[in-house]
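What follows is one chain in structure tokens, specifically the form predicted on its own.
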């Protein structure tokens, strides 16, 4: 018999960015409970608001039957005393022991029986640990030191299985059948059942579904808004409403980037655009049911006006000093205590742009100025705008477009969803900046471990990969990769093509094994393999290449540059393979990768016949050596596109 289940953990407001991960953790904790008790994991429905984490299911089992677990003991041959000790350890008599035939002979065995429990008993015993087992980025003591920790104080726990209200305590809070409505608009205590739970919340101004809260916001604000901000607002509210406000159009003289940053990042407002231009309006999402007297609107307008005044003051103050004159001030801005100042970092970036990346004079100028905005008041106040402010100031101060655009974009991409710098100069400066961070941090041992990456080195490496591929930047990675972070960067290459671009893992492994010095070239080889792989000859030939590699490995054959002796080739399949190989090799010289792969795959019939008819390990040493040389040459010649032995085949 299946039972419905409902758990709601009521708290003070949880930070919005932690909620979805906490729900997943809670579900995982429940999964562990079911696994421990050898029960099938039910299907869960997860929901959350800032003040509650909810888990529901319709198919909880009614309980767990007895569990019988055999435990092996000593061999029968060791004697009665060992059997008595084993029985005494498990609280049974020797007569209750069983004997079974193991691979090494008869052994004693005891069958331990764990009595079954009702689902209610299991949950009442397990739920406190499951709830407190949620991993939070930060946890706090809400009682005395040493008391249970949680992200915020737990205020109530609602736990019902079928018609039964579960009875347990967590951090001094007793479970029950009472929830709480909206902090301002709803009742503080609301008795519920599983059936009326969601409806009772709605009557008390709590919309449990995050998807419904999102649609409620969009139905008023309209579509096309920033997805990250939208998700934040969904998890900041239980009953969202949207109000429209405005600001003095004089502020539109400030760059739109500054105004939008203030609205989105600092005030969590949606900026409003009209005909593609920023308008002097904003939309604010509230956690209330309307604003009939306009008090909330006026309060938001007043706060925004103060923030815009600050931005305007900083903008005007900063303009009194040119970016180029700020370069010397970077000596007083620390990059890292062991790595010097941003003056030092800028000097290294310029050198990489000039020497390793071959940047022109304008790109070198952008590298020289790219960090100068770190000394400005506007960036000190709005750190999200670093780089952007530098670009805006460079433009206002008459720097060439190639320079200011490169400065503006050089922190990009900040994620896999972000775009790369728009100009070639910006791409080079961004690569140089990220590369310097990697080199310097690895040089002093600041290597990411597990999930810890305080200096965002994975993001820096991923940014380099993304720019090189999507920017079609054909430069040699070998010019500036050091051995201490080569494997780290290669992991990011694999991640990009596998997880971001959706390529098959074996295709990625095959291509990078053949070389990854030029990532645009890696992309082109991957595209070619994806196109040719479904053809009838490709995977069978890949299987043959794997066979060749195994033969050479077993023979401990390493190529020493020796040539194939055509006079030792046996007429028929061996000679046919050699001549077809020579023909294919001559046709590959100027072919793009896809037709080149198709041409290589055309060798399949000759390779198959060779393995069917020719004994590679011939008894005559010269013939055996010549055949191994033929296979080695074949493998080496065609492994410049991909290491075909890495392809997982089904033939």
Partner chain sequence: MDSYQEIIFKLKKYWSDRGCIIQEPYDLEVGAGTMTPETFLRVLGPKPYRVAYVQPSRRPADGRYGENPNRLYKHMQLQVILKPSPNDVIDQYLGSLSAIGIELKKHDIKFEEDNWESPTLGAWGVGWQVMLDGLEITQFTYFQQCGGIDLDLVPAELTYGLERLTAFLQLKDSVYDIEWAPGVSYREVRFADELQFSVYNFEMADVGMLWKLFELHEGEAQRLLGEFRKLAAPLPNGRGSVGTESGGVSRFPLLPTYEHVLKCSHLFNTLDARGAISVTERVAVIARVRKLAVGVAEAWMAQQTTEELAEAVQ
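Residue numbers count along the first chain shown, from 1. Owing to the predicted nature of the structure, the values given are computational and were not obtained by experimental measurement. Just so we're on the same page, rigid core means the largest C-alpha set that superposes within 1.5 Å between forms.
The protein also exists as the form predicted in complex with its partner chain; that form is not presented, and the subsequent description refers to it.
Engineer: Of 489 to 497, 354 to 362, 124 to 132, 281 to 289, which is the one stretch near its partner chain in the predicted bound form, taking non-hydrogen atoms within 4.5 angstroms as near?
Structural biologist: Contact-bearing stretch, as computed: 281 to 289.
Engineer: Between the options 393, 408, 269, 545, which residue brings a heavy atom to within 4.5 Å of its partner chain in the predicted bound form?
Structural biologist: None of the others qualify; the residue that does is 269.
Engineer: Only one of 444, 78, 303, 256 gets a heavy atom within 4.5 Å of its partner chain in the predicted bound form. Which one?
Structural biologist: If I apply the 4.5 Å criterion carefully, the residue I get is 303.
Engineer: Look at the candidate spot formed by 516, 592 and 596 and say whether its partner chain comes within 4.5 Å of a heavy atom in all three of them in the predicted bound form.
Structural biologist: No residue of the spot touches its partner chain in the predicted bound form.
Engineer: Does at least one non-hydrogen atom of residue 484 fall within 4.5 angstroms of its partner chain in the predicted bound form?
Structural biologist: It does not: once its partner chain is placed as it appears in the predicted bound form, residue 484 has no heavy atom within 4.5 Å of it.
Engineer: Although its partner chain is absent from this view, report whether residue 310 comes within 4.5 Å of it in the predicted bound form, heavy atoms only.
Structural biologist: Judged by the heavy-atom cut-off of 4.5 Å, residue 310 is in contact with its partner chain in the predicted bound form.
Engineer: Answer for residue 184 alone: is it within 4.5 Å of its partner chain in the predicted bound form, judged on heavy atom distances?
Structural biologist: Because a heavy atom of residue 184 falls inside 4.5 Å of its partner chain in the predicted bound form, the answer is yes.
Engineer: Is there a non-hydrogen atom of residue 550 within 4.5 angstroms of a non-hydrogen atom of its partner chain in the predicted bound form?
Structural biologist: Heavy-atom contact with its partner chain at 4.5 Å: absent for residue 550.
Engineer: Using a 4.5 Å cut-off on heavy atoms, what residues in 329 to 349 are near its partner chain in the predicted bound form?
Structural biologist: In sequence order, 332, 333, 334, 337 come within 4.5 Å of the partner.
Engineer: With both forms fitted on the core, give yes or no for whether the Cα of residue 189 moves by 2 angstroms or more between the shown form and the other one.
Structural biologist: Yes.
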